[in-house]
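In the form predicted alone, a lone chain appears below as structure tokens.
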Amino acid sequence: MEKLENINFKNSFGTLSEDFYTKQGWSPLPKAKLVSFNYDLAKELGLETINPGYLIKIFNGEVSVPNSEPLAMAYAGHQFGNWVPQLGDGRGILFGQIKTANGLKDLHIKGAGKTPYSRFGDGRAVLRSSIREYLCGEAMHGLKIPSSRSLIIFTGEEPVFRETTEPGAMIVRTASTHIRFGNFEYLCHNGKQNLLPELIDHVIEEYFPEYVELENKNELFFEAVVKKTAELIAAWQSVGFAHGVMNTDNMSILGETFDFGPFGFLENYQPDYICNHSDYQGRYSFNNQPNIGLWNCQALASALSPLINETQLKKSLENYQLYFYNHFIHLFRGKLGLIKKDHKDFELIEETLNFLKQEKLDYTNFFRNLNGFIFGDKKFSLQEKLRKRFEFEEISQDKHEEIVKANNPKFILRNYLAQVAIEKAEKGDFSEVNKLLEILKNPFLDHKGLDDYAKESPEWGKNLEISCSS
């Protein structure tokens, strides 16, 4: 078994000024037991030879680890458009960083108990929301969308009260960074502007080393954040993913999906879909996500205004739409099984989406089975248009179907599938969590014998309301 001393942990964020965080330990869950362990991710982190039971002891705070220097991060943010001057890790601990073949990865413990930023919360997470985050992180990774992922999830004998009494849990997630738009907003709007250069220098050195020696490194950093954000949200739109809580404190500066809350994947195509039942005005509806991405970048621009001149900030913000639409059209060409570019492709994409809305078709299954729709019995004018566009490609129908299936998943994390897994887990049966994990890791494969997991949701599962409480 690998010794922890041989794993190279560090926490570079903990070398910054103390205004950025509070160093502290965390509160173990009593009688902790494994729910699920992500072996594929463990291998990428170099932790696959460590027994999951021993990892639980580490992440439950029962075994100390050299160089990890756990801390709770301080940040602020705009929540549903309203400024909140202090948020921070109210139930999370940044355990440390680990070096991998894909660069540094944060290890972050969620549900770790109270921190100075907990306000009136108990600092815990419930099993229900932890399972949803665990599964969705892997689902997004399987869909080739930048995302936080989770290494391990465990529960314990400590009840947590939300709307009802629920089992508590801890989840250990990874991300390239947990630095978010809100870290910069916290400094700029709370009289700590003098610390902004320290944070931006740290971010550039750690994550954009190619800019370090350049005179306009700050401007290049912001441009990169705008581009990564726009392309991330284009990817969300392409698979029908609704985040549900796009507050600025939930936006990664590296364009990764994280802080999963009341997310949802589109069932029947419904562009005004609202997955968060607390979002009374539809601010974070599915079709508003691209606009909110830009709004959040504007909030970050405001926080960076002491470091970057207004002209440069505006120029980068003006590029947001270009980055979004270029990536959106690129992704949808793949979904439609197209390789060549045509200047009318965006119109064709719009017409296809309008058709889905009008016919109330299942978003995922329609695109997965697009080949059959195009070349089946002609019933709709859209079929003729898609067939004509296909002829421009000069490829076989088999090649077209191959492209379609490589770009359209068979499986997504439908809310009812997560709900079934949660209900079993709350009774002590974790088998469905693990089964879903394996399916969602490879959502483009056929997974023979598991077709039921690709079917449209039953009626009761299409209208599940998901709350922020976790």
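The first residue of the sequence shown is number 1, and the count goes up from there. Not measured: the values here are computed from a predicted model.
Absent from the display: the form predicted in complex with a small molecule. The rest refers to it.
Not displayed here, the small molecule is approached by Arg124 to within 4.5 Å at the level of heavy atoms in the model of the complex. Although the partner is absent here, Gln79 lies within 4.5 Å of the small molecule in the model of the complex, judged by heavy atoms. A residue is said to contact a partner when one of its heavy atoms sits within 4.5 Å of a partner heavy atom; Arg91 meets this definition for the small molecule in the model of the complex.
In the model of the complex, the small molecule stays beyond 4.5 Å of every heavy atom belonging to Tyr186. Of the residues given (His277, Lys99, Lys217, Arg119), Arg119 alone sits with a heavy atom within 4.5 Å of the small molecule in the model of the complex. Checking Glu223, Glu158, Glu231, Asp259 against the small molecule in the model of the complex, a heavy atom within 4.5 Å turns up for just one residue: Asp259. Contact with the small molecule in the model of the complex, judged as any non-hydrogen atom within 4.5 angstroms, is confined among 82-90, 353-361, 385-393, 315-323 to 82-90.
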